[in-house]
Ligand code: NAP
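In structure tokens, the next block holds one chain alone, the form predicted alone.
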Amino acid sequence: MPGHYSGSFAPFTVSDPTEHKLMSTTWHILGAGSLGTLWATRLARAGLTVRLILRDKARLASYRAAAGLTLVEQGVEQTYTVFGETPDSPEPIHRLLVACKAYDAQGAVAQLQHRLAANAELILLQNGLGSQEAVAAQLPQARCIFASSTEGAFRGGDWRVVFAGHGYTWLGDASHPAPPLWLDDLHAAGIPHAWSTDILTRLWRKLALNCAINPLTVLYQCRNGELQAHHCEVATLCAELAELLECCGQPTAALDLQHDVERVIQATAANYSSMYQDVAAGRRTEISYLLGYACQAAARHRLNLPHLQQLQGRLVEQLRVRGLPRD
């Protein structure tokens, strides 16, 4: 996403846990990054049963030593005792929030496949496009719900998440439009959300926003707001991305794209994009699920988008120079 959401902290209320059905299905959360732990702490705060799935015994030992997850919100710290486990724990999984990186999603879910109940539901909270379809294809018996979030959070250390700005989460299932009953859990946890009947449109729109902003912040080594000095390049990319969206059957996602990109650049002017932060920290980026996915879609439709393709080439070269994975 193009940096952390920097809106004001709107007040919200959390339902009294005693008013909520505490015997609801356990929330298993895969991925202890910023969004995964942000969801885990708020669900736990609402009195819901949460289990955090950690990749191995070493991470589990580290987590147990920390004695829980700490949420920092508006300068106030609170630690929540959330049960931790490894993928080989025996308990069946009925509901799984997949909050790991796009490139890890398929492999991480495969490790848990033997634990998924016949009626399991997965909430896929990944950037870009491509990973969601891949996970859904490997789990035809499960219900896979796609999610798109503008919530801002970052890790303030191991097992510590800082809530950087309130946003919104849209959820939807293109093949099964009826909303699930567990949306009540999100309401109880104070997680602003909406069920979307056009979730793919939202995901395509966010993909385009990311493609217009994130790669340029890496190439120019700048904060989001500094892209205002590259107005013409941003405008050209937006025109090509809008053409791609139209060609991919997403005309609604193409509407006023440039205006929305400019709004995001201004709203997050002081922030560094997530891709910039990944490159700066020497981490693998999600290029394959953002710019790579867009360029592959253009190739499938035999659509010539020279500036977008050139941008991908420049970014891949930058990653090569830095010794980072190019996929």
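Just count from 1 along the sequence shown to find any residue number. Note that the coordinates shown come from a computational prediction; the quantities given were computed from them, not determined experimentally.
Just so you know, the form predicted in complex with the ligand exists too; it's not on screen, but the next bit is about it.
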query	finding
Touches the ligand in the model of the complex: Ala253 (any heavy atom, 4.5 Å)	no
Heavy atom of Ile287 within 4.5 Å of the ligand in the model of the complex	no
Interface membership of Arg64, the ligand in the model of the complex, 4.5 Å heavy atom rule	no
4.5 angstroms heavy atom contact with the ligand in the model of the complex for Gln228	no
All of Gln74, Gly167 and Glu262 within 4.5 Å of the ligand in the model of the complex, heavy atom check	no
Option from 64-72, 47-55, 291-299, 264-272 whose residues, in the model of the complex, bring a heavy atom within 4.5 Å of the ligand	47-55
In the model of the complex: members of 200-239 within 4.5 Å of the ligand, any heavy atom	Lys206
